[in-house]
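Take a look at this single chain, the form predicted on its own, given in C-alpha cells.
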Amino acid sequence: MSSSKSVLSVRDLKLYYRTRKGVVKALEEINFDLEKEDTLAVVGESGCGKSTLARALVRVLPRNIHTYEGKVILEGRNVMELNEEDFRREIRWRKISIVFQGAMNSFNPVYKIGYQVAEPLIIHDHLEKKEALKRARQLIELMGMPGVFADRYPFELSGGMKQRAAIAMALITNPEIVILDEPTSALDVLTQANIINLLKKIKNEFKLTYIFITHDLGLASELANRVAVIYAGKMVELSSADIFYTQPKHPYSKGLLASAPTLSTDRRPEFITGVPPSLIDPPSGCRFHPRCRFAWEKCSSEEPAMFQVGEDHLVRCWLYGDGK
C-alpha cells in the first residue's frame, strides 16, 4: 500500500510505557501511508492507543518510555533518526502539528491568545514579535473570529472559540500535516458542526493533510476519505472510508458501526460485549478474540497478520486469512 505520492509513511511503529505494574504495550505494528490532502480517521474505543499514536508522530511523549521504535518517513526522510533538538527545529510544528484534545489545556492562562498563536513564528521563524502578532491576528480572523480576540485571555473565550484558536495555533507555520486529536469532544452538537465545517474549509484553502483521531464515527464520515481502526494498541482494519462504512470486515469494526445510532432506520444500536483488555498483559493470539462472536481456536493461539481483502483494504483477522 506504499505509494510514491505518500507524504507520510509509518512502518512498524511501536511505543511501550514503563509503569509500576509493568510495561504497557500501547502501540504495536502500526503501518500506514498518507497521501497529500488525505484525511485519515483513526477510530476505536477509549484507551486503544489513538492519542498515543498522535503523540508518537509529533514526539510529545512522557518520561516513562520503555520502547519507542519503527520508521516515520516524512517526505522521504525517516524522522525517527533525528535527535530531539533537530526534530523540534525541523519537524514539529513546521512539517507536522497537532490540535490537542481539550482546547483549554493547550493555552497558558496568563498569556493572550494572539501571542500564543504567534509564538511558533517567533521561535521557529525568528520573526519580530510585531510581525508575528499581525499574522496571528489575520489567521484568527480566518478562523471566523474577530481580530480583537487576539487581545483576550483564554478564559474569556467560549469552548468553540478556544478550539478555533487552537486550530489557528496549529496552522500558523503552514505545516504539511495536521493531527486533530478529538478536536470536538468537549463541544455541543451545534459547535461541533461549525468546527467540522471550518476544518473542511481550511483543508481546501491550505491544501492540508489530516490525521483525525476520534471515537465518533459520524464525525469521521464527515471528514475522512480513509479510516484506520485500532484495537488494544494494534491496527485491525485500514481502508477507504467508502468501503469501511459500507463493507467493514473486522468483527470489531462491525461492532463499532452497529453501536452508532442512525436516523434513516429503526435499527436499535448494539453493543460489543466485554471490556478492552489490559495492555500490560494482552490476550494471546488475536487481541479481540475474548469479545468476538466469530472467534475459533486459531484466534486464541496465533496472532493474525494484516490480510489484504481488496484494493486498499487490509484486515487483521483469521476469518480472511489462510488456514481455517
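Here the structure is a predicted model, which means the values were calculated and not measured. Note that residue numbering follows the sequence shown and begins at 1.
We do not show the form predicted together with a small molecule, though everything after this point is about it.
Of the candidate stretches 32 to 40, 66 to 74, 48 to 56, 260 to 268, only 48 to 56 contains residues with a heavy atom within 4.5 Å of the small molecule in the model of the complex. Although the partner is absent from this view, residue 308 stays clear of the small molecule in the model of the complex, with no non-hydrogen atom inside 4.5 angstroms.
Among heavy atoms of residue 13, none comes within 4.5 Å of the small molecule in the model of the complex. Remark: residue 256 does not count among the residues lining the small molecule in the model of the complex, judged by a heavy atom distance of 4.5 Å or less. The closest non-hydrogen atom of residue 301 lies beyond 4.5 Å of the small molecule in the model of the complex.
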